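Have a look below at one chain only, the form predicted alone, in structure tokens format.
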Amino acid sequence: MRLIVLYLIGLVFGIGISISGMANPAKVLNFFDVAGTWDPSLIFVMGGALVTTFIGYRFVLKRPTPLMEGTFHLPTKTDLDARLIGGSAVFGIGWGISGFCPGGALPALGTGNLNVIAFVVSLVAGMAAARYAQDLMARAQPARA
């Protein structure tokens, strides 16, 4: 049952991304082109997502536990560190250059577009490189002490 619910959630998300045009990198890049062919529709997509999330969390967090899990897994870290700021910067630069974010690229994989495939392969390679670097740093940390 859990897999079916997860599939349906992903399907609704993918359809929403596709209908809104956010799987089209040209539409996203036009949002960043303030001096040229600016397209403000991304603001409305993000605004709709924020309103939905704000309202949804108010209902969900009143429950003692989630429907499909034993406990809520909410972030506890609140400080801004170099990893968070650096990761956000890399994400923003990649989004601005390619016009894809992971949420828009995954539904667009179904188009078979080579640019989308190259982005997703690069995304996975970047995640693997970051994990490898993190593991290296964690192993080097006790050696310094």
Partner chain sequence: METAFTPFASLGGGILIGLAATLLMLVSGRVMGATGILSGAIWGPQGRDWRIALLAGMATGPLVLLALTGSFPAIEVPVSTLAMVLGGVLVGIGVTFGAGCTSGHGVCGMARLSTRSIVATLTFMLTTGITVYVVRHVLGG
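For clarity, every value in this text was computed on a predicted model and none was experimentally measured. Residue numbers count along the first chain shown, from 1.
If you look for the form predicted together with the partner chain, you will not find it shown, but the lines that follow are about it.
The partner chain is not shown here, but in the model of the complex it comes within 4.5 Å of a heavy atom of R2.
Contact annotation for A140: none of its heavy atoms lies within 4.5 Å of the partner chain in the model of the complex. Under a 4.5 angstroms non-hydrogen atom cutoff, the partner chain in the model of the complex lacks L136 among its neighbouring residues. In the model of the complex, the partner chain lies within 4.5 angstroms of at least one heavy atom of each of the following residues of 47 to 64: G48, A49, L50, T52, T53, F54, G56, Y57, R58, V60, L61, R63, in sequence order.
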